Structure formats: C-alpha cells, structure tokens
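Next up: a single chain in structure tokens, the form predicted on its own.
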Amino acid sequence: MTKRTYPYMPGSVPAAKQALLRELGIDSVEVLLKDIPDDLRFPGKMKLPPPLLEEYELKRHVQAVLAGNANCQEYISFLGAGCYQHYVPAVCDEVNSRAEFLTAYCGETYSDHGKMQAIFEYCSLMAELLDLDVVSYTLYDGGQAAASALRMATRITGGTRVLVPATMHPEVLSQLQDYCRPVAQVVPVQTDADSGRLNLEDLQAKLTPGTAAVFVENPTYLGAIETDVREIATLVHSQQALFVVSADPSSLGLLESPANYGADIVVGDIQPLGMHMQYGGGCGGFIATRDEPEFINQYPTYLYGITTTQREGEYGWARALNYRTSHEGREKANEYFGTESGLWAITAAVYLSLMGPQGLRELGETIVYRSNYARQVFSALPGVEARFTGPIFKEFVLNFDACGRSVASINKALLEYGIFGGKDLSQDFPHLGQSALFCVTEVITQADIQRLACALQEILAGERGNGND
C-alpha cells in the first residue's frame, strides 16, 4: 500500500483502481474524461490542504471543523419558519435506524418485508389525524405537496389560476411558481395588515371563473391562525374552485382538521412528527383528500392499500391505482414523483402511535400557551412590538422599528448570549420593516423565554452588542 491510499474513499486503492480500469479495457481515467470539452475542465491544480492519509486523522479534522458550528444543542433556538425543533422521543430514532427500514427509498415487497405495512400504518394514522380517507405516500417536502396539490386542482377543475396568500412561506411560493408555471398562474391575495390573516375582500375580488384553487396556510407562515376559514371555503366553492389548505400536523391535536371546515385537499410536512432538524433532509410532504375518484385518480405519488388473502385472517399490503404514477405510466403519468422520504413516514407513524390523541392535544396546548406567553413577554419590552393581533400557533412576528436596530444586528448580538433569534423577515417582506419571526415549541421553557427577554433588554438598552450589522 502506498502513502497516497485513502481507505475511506472507494476505489482509491491503486490495486482496486487498476482492476477497475482493466475491467473497462482502458489504461487511464483520462480516457473516461475525454468527452468533456476542454473549456469545461479545470486545467490547473486545486489549492487543497495536504491530504489526510489516515481515516482517524480525517475524523478528527472533520470533528474539529464541525465544532466551529453553533448548534441547537448548545444554543437556545427561536428559529422556525418551516423547520421546527420539537422533542423527538428516543424510540423514533431507534425504529428508523433499524436495518430493515434504514433507507429513504420506497422499496418493494420482495426486498423490504414489512415496509408496506409500516407505510400503510402511517397513512392510517395520518388519515385519522386529518379526518380524511386517503393519504399519499410521502413526497419530498411540504412545498412539493402543496405544488402537486395545486396541479391536481388544475386537472380536476380545468382552471388556470391559483390564488395564494401574499405573505405565504417564500420558499414554498417559489416551488409553487415553478411547478405551476406550465399550467396555471399563481396570483397573490393580500393579507390583513392588523391580523396577518387573508383579506377576504381581496380574495373575493380575485376569485373569478377559471380559478382552479385557493391555497392557504393554517397556521399561516407568520404564525396567525386563519379564523375565517369557513367563509373562505364558501367563497371558493361558489366559483367551483377547490380549497387547498396546508396544515402543521403538530397543531391538529388542538385545531380542527381543515377537512372539517371545507378543505378539499389538505397538505403539509411531517417534519414536526418525530424528525430532528436537518440541513436538507428530515422533511416529507403529505397530500390527503376524501375517497372520491376525481381526487384519488389525480394523486401524483404512491397510494398504499390493504386486502384480504386466500387464507382467512391474513392480509396483504400493496400499492393501489399504480397507473397514475411515473413508476408505471412514465410520460403519461400525472407527474414525475420521487420517493426519497419514506423513512420519515415510518418515523411519523412511530411518533403518532406514541402520542395518541391525548398526547397531541397536550402538545398543541403546550405550544399555544408558551408561544402566547413569549409574545406577551417580548412585546412588553421597550422598542418591541407584536406585529399582528389575534390568535397564533407556535410562531409570531415582533417588530423592532421603534428601537432603531436592525434584526440582523440584534440576532448577531444574541449569539453572544447563546441564543438564535427570530427569522429575519426584512428581505422577504420589506413592508413589515425590521421584523422577525419567532418560534416557540414545547422544548422552549419559561426560563428560556425569560433568558431571551433579558438578553433583548440589555441589547436594546445598548449595554451589549451595540454594533451594526
């Protein structure tokens, strides 16, 4: 073995590399690269540090690099905005790390015994939570679920416009615009300046024949609970459009399911149900509807069903109506779909089965109590104002215009206290001024809230962190 062998890099051992080249019938890797135009190839030598020749040495190096990061184990986090820090019971990690489940891919009955039943159990638990009949296999994330639901609406109604809140999640909005561009125009509806909820007058003005769907988030991206949802449903259905609601599943032990106030399609992300916060992962979208042919024939992804077998008392699980999907129909499918989030469906099933209806209700009550308490404490500080009035769930907006400080400078100062402040909204929503979206879940304690209040008080008084951005 030479000194330039890196056992942690597959194919880097010279003997193994030579064996691969012999198998291909070539004598150099350069042969494989000759089709890449010269102007697309980097001709020089990359300025990299000296190679780490031992795996242990590499591990120590990576650990040292990661140690430079601030994380939510050491810092108190008031960040949310679509990715939430909830308590994850240990059994969620225990089950989803078992070898028979540990792949994000959907798998097949012949390779993953029991996985179809596990996913069916997930769909059943979600259906009970959502009070709907049919729940899809997981999509990439809640944004994709919302976008696919709106495309479903265009196929069902034939409409070419979809209405969305002007203050919805900006990243989800970006997904909706990209997904819907070939089939529908995405039209923003204004939200009320005082409550943050959808402006019904503007909705009514823009809701015209040819509208495929109206999409709302409940709770909204900015934390408000939409209280006029029955009126919205009536308006939407008066134009033969569909009502699509994105719901936070962690709220549904306390809040009514959107299906029971008129939603035709309910979507969301299961990340709050037993998933840790991750960078680029830990998400899984869901779509749910009534068990009606016009809806279930438009689902883009797998549906799982149960049936009896020839032996009495035995049941089998399988995919249903597969012809809809790109797995079977390819270019004739409703949409192309991906399946790399199935592990989280099983994790969510574990979480829901542990919590049960009472646990989910207590979770919702705890979040409402603590987030409202936090909003009250923070908005009593000099120079801080709660941006919206009305009921909230989990998140709320604070405005710092009166104190003359930017959110960026305040958040920078909060790091000195070991605190991640709220999501800066000044870029996405300039009309809100220097505002930030704060998130309080069940893992944030009264002591954490008081600690942030004291830190803000000192920072805004100029006692610490008086620098600019």
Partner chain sequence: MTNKSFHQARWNEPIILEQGSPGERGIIPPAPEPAVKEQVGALENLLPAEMQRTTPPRLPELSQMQVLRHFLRLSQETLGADLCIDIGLGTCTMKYSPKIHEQFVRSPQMAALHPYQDENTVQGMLKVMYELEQFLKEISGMDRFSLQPAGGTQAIYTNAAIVRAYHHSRGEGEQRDEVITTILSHPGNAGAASTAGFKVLTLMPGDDGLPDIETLKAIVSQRTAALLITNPEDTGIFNPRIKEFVDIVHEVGGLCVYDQANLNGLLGISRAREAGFDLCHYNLHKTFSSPHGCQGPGAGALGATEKLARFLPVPTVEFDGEKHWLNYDSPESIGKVRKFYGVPAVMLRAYAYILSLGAEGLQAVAELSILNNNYLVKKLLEIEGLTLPLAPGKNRLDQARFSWQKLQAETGVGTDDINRRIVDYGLQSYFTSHHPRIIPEPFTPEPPETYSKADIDKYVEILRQVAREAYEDPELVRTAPHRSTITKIDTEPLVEMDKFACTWRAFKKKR
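The structure presented is a predicted model; accordingly, all values stated were derived computationally and were not measured. Residue numbers count along the first chain shown, from 1. If you superpose the two forms and keep the largest set of C-alpha atoms that fall within 1.5 Å, you have the rigid core.
One more form of this protein should be noted, the form predicted together with its partner chain, which is absent from this view; the next part is about it.
Proximity to its partner chain in the predicted complex, taken as heavy atoms within 4.5 Å, picks out 122 to 130 from the listed stretches 158 to 166, 205 to 213, 186 to 194, 122 to 130. At a distance threshold of 4.5 angstroms between non-hydrogen atoms, Glu74 is in contact with its partner chain in the predicted complex. Looking at Gln457, you'd find every heavy atom of it more than 4.5 angstroms from its partner chain in the predicted complex. At the 4.5 Å threshold, heavy atoms of Glu201 stay clear of its partner chain in the predicted complex, well away from it.
In the predicted complex, its partner chain sits within 4.5 Å of a heavy atom belonging to Val172. Taking a 4.5 Å heavy atom cutoff to its partner chain in the predicted complex, the contacting residues in 359 to 386 are Gly359, Leu360, Arg361, Glu362, Leu363, Glu365, Thr366, Val368, Tyr369, Arg370, Asn372, Tyr373, Gln376, Val377. Once the cores line up, the CA of Ala453 ends up less than 2 angstroms apart between this form and the one not shown. Remark: with the core as the superposition reference, the CA shift of Pro49 between this form and the one not shown reaches 2 Å or more. His431: CA moves less than 2 Å between this form and the one not shown after rigid-core fitting.
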